[in-house]
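As a starting point, one isolated chain is supplied in structure tokens, in the form predicted alone.
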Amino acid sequence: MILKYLKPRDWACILACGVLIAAQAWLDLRIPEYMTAVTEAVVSGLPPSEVYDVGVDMLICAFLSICASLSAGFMAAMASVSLCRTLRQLQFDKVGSFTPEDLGHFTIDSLIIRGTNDVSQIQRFFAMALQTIMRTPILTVWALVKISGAQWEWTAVTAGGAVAMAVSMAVIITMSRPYYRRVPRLTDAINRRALEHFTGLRTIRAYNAERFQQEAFEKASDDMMENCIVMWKWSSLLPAVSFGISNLLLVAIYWVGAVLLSSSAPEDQVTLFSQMIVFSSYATLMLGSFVRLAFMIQFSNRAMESMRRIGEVLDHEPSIPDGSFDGDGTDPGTVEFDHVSFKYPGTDRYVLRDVSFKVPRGSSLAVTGPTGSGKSTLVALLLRRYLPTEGEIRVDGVDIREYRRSALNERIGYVPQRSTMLSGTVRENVSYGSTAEARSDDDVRWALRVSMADFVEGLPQGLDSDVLEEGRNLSGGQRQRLAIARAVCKDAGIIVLDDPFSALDYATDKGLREAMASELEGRTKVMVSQRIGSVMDSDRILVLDEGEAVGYGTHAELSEGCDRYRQMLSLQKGASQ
């Protein structure tokens, strides 16, 4: 799962890491030989200078081993960091192609964790696993070759210690595995509660629901704590058992060595003693490699779960496949719904039923109706967030299914119902997206003038004034006008406005509509609004009621021939008196 995301540069780092680890293993296995030489030199009564020379060679070998280890660690870190950068970027790009239906498979908090914490888990595991997987077999094979001619008693003791360590590690890893795999899901739950608390803080305070939120968060935190306590109870046994077995093995090797020394001839004792030192060193190196391998296997449970979750995102096929058309349409500037019906995935109720209309180039269409009549769904279909269950939707005379996502978005300037502001300056928020580089400050000021955003001139730094995250330093009406200016500045042939005047007073509403009518002549406009005063000047008005088109025409025609429109008009006139 991981290797397929590696780039050529990553493979080069892995190759270099393998060469350095092989060099380190060879140097580590040379050190016991120097220890044997020092022991024999001391026991044989050789001059101190010869002992000193051997000791210097051993220090040089140890220093080179450290350098090789550090270099191998650096290469492993480079490969793991590059891999995780790739995983983050792939997830970011993939989520950008998701529709609301696709996002229904994942929650926002879970996607955040998958792109941050899960990737970090893989980064830590991959750097450790890369070195351990390469080092363990190399060190083990070379060490076995080195001690193949030693006494069988030592070999038997070492084999028994290895079996005991393997069994104990298998038990510990098996028992802790389920708890490691629960961590990502429990982390999602904590993040979900925290995100709800931060984004809904005003509502929570308004309803004095702090205690309820606190209890919900504590429940998620307690579940994580209880899982981690059991997980670390088992995990803490791993170093204790492994080091305990290693120490007992050394004691057993020395005990067997003492028995062998006591029963051997005096002239053979020096050689036997040297073999015991070398054997114990090699056995310690092998068991140390197995311990690191056991830690890696234990952490692999968490990393494998993280990789599985990331793979779910990367392997998920968008519910709306991207088209291939990005040329010019046969009927530029037009929007057409041809007998469109729609029901949300997983439901049987139609939200829109047999809706048809065509908006010619340069004209305006207003969509109105009571709450829940399907107005915002119509906009979502036009933007290809969903595909119609029946019928066709055409933009510039081309079925929206055929467009590339980027090509369709280039043709439409969109103002959402909830204005979205990004942290940056006013200029960056208005001149935004793929057309930003082609827009000058004069274009930005023109868009602000059209959208009645004259308040920008009164800001201390004008276009360079800061906009905080989500526009927290702006009022609702100011954010809405900047969102309209952004769509105007894009200079798209079609402008879609989803209830754009809800936060504006009637005077600003009227002035903005008049400015758009005069300044945006030639552009096609589709606007959703419940205000009759906001839609009455449109070329055509579509009235929806429970998903069906119950009226279509001008304000005068609907005032005479559409009962639902007359009812809305009467209610709004009464409310304004």
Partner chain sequence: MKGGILPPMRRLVSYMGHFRWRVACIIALGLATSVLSAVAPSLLGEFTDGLSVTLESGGPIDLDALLVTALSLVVVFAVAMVTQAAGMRLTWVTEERLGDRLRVDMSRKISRMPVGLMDSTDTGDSLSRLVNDTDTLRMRSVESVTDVVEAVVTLIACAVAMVLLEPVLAAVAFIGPATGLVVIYAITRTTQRFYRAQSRDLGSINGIIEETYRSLDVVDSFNALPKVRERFAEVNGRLFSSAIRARFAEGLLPEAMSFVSNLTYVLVCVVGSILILDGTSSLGTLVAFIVYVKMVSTPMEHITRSVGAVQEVAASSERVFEFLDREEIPPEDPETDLWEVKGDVSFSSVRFSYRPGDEVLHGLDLQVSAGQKVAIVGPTGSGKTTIANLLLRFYDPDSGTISVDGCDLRSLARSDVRRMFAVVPQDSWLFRGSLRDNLLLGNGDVSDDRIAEVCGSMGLGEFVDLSEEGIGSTIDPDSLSAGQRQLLSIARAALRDAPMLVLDEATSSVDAYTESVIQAALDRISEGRTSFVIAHRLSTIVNADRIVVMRDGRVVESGTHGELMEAGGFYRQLYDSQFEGCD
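Take the two forms, find the largest set of C-alpha atoms that superpose within 1.5 Å, and that set is the rigid core. Keep in mind it's a predicted model, so treat the numbers as computed, not measured. Numbering follows the first chain given and starts at 1.
We do not show the form predicted together with the partner chain, though everything after this point is about it.
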Thinking of L201, S262 and G477 as one candidate spot, does the partner chain come within 4.5 Å of a heavy atom in every one of them in the predicted bound form? yes
Between the options L365, I122, I412, V157, which residue brings a heavy atom to within 4.5 Å of the partner chain in the predicted bound form? I412
Listed residue that, although the partner chain is not shown, lies within 4.5 Å of it in the predicted bound form (heavy atoms), from T425, T389, Q417, S319: Q417
Mind telling me which stretch in 303 to 311, 350 to 358, 392 to 400, 494 to 502 gets its heavy atoms within 4.5 Å of the partner chain in the predicted bound form? 494 to 502
Contact flag, S281 vs the partner chain in the predicted bound form, heavy atom cut 4.5 Å: no
Would T330 count as touching the partner chain in the predicted bound form under a 4.5 Å heavy atom rule? no
Given that the partner is absent here, does G161 sit within 4.5 Å of the partner chain in the predicted bound form, heavy atoms only? no
Can you tell me whether A436 touches the partner chain? I mean in the predicted bound form, with a 4.5 angstroms heavy atom cut-off. yes
Just give me the residues of 47 to 83, first to last, that have a heavy atom within 4.5 Å of the partner chain in the predicted bound form. P48, V51, Y52, G55, M58, L59, A62, F63, I66, S69, L70, F74, A77, M78, V81, S82
With a threshold of 2 Å on the C-alpha, tell me if C67 counts as moved between the shown form and the other one once the core is superposed. yes
I want to check A252: does it shift between the shown form and the other one by 2 Å or more at the Cα, with the core superposed? yes
With both forms fit on the core, is the shift of the CA atom of K219 between the shown form and the other one 2 Å or larger? yes
